[in-house]
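Consider the single chain below, provided in structure tokens and representing the form predicted alone.
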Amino acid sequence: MTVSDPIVESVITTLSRSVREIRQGLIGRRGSANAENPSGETQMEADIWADDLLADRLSSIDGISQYASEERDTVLDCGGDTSTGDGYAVAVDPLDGSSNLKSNNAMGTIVGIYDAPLPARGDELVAAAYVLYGPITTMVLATDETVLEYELTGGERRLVRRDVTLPEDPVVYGFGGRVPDWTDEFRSYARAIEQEYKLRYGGAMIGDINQVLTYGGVFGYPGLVSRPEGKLRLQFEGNPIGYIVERAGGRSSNGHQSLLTVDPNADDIHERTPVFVGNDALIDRLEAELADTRM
């Protein structure tokens, strides 16, 4: 099944045809690159390699005017001008959860396609997708029209689920950050949730998000006592994942409002944010619990 927007379709087709090479290219690139990304995190060899591959391919698509990645300092100008409607901007997390390379656990790739110059609000997204490198390589794609799940093999994609929505009866939860570093308000929420639902947390957000989309529930990486702004990046992770979950009938939040309505820092493409996504009622409970932190 193709997407009605030809630029979005080109991005998704290019991504689909690249993931086999990315997955195969992880072999022999499990070590540290002895460098840090712009957020101060240690880069793996595979991070840099996957970013270079995707930058080369996505930036060359007609209609893409900007390419930004978690792994590079600045936005790459690809021609055109998003501010005048001449092209889309793509924001990419080439290897979400690359720290899992050492233990050979699940990882993913995230792509957000914005109809505005970066950094942009999440409601400027026209599509977002993530690839999960699990036992089977799958991709979830959200557009304004629907949410689709594909299996990826041989450079092609096969539709396996149409109109993906969160199940009404949630089952799982996963929360990031060290428990001693949680705020009192979030700890209170987490303790109540863990009495009702099953823990699913694997160290790569995409794997945890896929559990929530499959079984219903809540994922969160909160602001911490030592890092109130959280860990995840708004442009590369928070907005695209929030967009996907909201299109699937759920909610996203930074603890107080939808991630898609957060005004980004115009001077920081790597701005961090707390991220919470899941079934409506669970995000409502979260925001009520965290309401006191606004005062």
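Note that the structure is a prediction, hence the values are computed from the model and not measured. So that there is no doubt, residue numbering starts at 1 and follows the sequence shown.
Not on display, but discussed next: the form predicted together with a small molecule.
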{"item": "Gly155: touches the small molecule in the model of the complex, heavy atom cutoff 4.5 angstroms", "value": "no"}
{"item": "Distance check, Ala248 to the small molecule in the model of the complex, heavy atom within 4.5 Å", "value": "no"}
{"item": "Any non-hydrogen atom of Gly97 within 4.5 angstroms of the small molecule in the model of the complex", "value": "yes"}
{"item": "Close approach of Lys231 to the small molecule in the model of the complex, 4.5 Å, heavy atom", "value": "yes"}
{"item": "The small molecule: the contacting residue among Ala204, Val218, Val90, Leu125 in the model of the complex [heavy atom, 4.5 Å]", "value": "Ala204"}
{"item": "Interface segment, criterion being heavy atoms within 4.5 Å of the small molecule in the model of the complex, picked from 48 to 56, 233 to 241, 253 to 261, 23 to 31", "value": "233 to 241"}
